[in-house]
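For reference, the chain that follows is the form predicted on its own, supplied as structure tokens.
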């Protein structure tokens, strides 16, 4: 009788604990880029007729000024993502197409693609998701003719938010592939 009672208590404890699990995002990270199934690369968006020619008034050695101006003028544009996604939307492809057009006209400049996330999820999960976002943007830029030797990727996960706040408007600004120019030696 005692044995049955112990078995019943153990069964109740096991099934009770399984039923009480919280609905938190799993701690497993997205697949690394090399293990992910190949995605079909969408066709480039837009023509590049509106992309400005290299601006002789900018000192290309002042990379901070170049980055500020490129973002301000829209020569280089960040790609934004939906929650928990790394697939490029039409808007993200358009932004990257504009950036690729400018990069083609400025061969002395390379690009670091930084993957960023909002603060939801674990740090480990967000670092992996940021990496997937950076690689997704990089692969699209390569499909548009940007040489891979000019592209670098890194992930910051949730560590460098663009916008502060605990709401969807702030989170949407933080889910991005941020493009940072660097001078090629």
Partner chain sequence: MTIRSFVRAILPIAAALALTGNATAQTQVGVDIYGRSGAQSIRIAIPFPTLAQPVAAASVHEPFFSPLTRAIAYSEIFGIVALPPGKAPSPAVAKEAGAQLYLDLAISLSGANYVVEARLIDVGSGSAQLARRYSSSPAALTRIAHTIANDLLVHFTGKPGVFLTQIAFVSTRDTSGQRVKEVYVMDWDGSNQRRITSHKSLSLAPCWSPDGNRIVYTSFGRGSTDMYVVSRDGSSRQRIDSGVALNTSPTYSPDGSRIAFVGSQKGNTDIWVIDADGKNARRLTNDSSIESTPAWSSNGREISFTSSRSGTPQIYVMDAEGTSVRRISFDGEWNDDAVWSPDGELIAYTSGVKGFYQIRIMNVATQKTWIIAGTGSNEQPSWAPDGRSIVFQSNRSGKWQIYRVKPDGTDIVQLTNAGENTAPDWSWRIKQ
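These numbers were taken from a predicted model, which means no experiment stands behind them. Positions refer to the first chain, counted from 1.
Form predicted in complex with its partner chain: not shown, discussed below.
**Student:** Going by a heavy atom distance of 4.5 Å, is residue 68 a contact of its partner chain in the model of the complex?
**Tutor:** The answer is no: residue 68 has no heavy atom within 4.5 Å of its partner chain.
**Student:** Is residue 94 close enough to its partner chain in the model of the complex to count, meaning some heavy atom within 4.5 Å?
**Tutor:** Although its partner chain is absent here, residue 94 would stay clear of it in the model of the complex, with no heavy atoms inside 4.5 Å.
**Student:** Should residue 62 be counted as a contact of its partner chain in the model of the complex, where contact means heavy atoms within 4.5 Å?
**Tutor:** So residue 62 does not count as contacting its partner chain.
**Student:** Just to confirm, residue 159 within 4.5 Å of its partner chain in the model of the complex by heavy atoms?
**Tutor:** Residue-level check for residue 159: yes, a contact with its partner chain.
**Student:** Whether 99, 149 and 151 jointly form a contact site for its partner chain in the model of the complex is the question; each needs a heavy atom within 4.5 Å.
**Tutor:** No, none of the three is in contact.
**Student:** Counting only non-hydrogen atoms and a 4.5 Å cut-off, give the residues of 125-157 close to its partner chain in the model of the complex.
**Tutor:** Residues within 4.5 Å: 125, 126, 127, 128, 129, 131, 132, 135, 139, 154, 155, 156.
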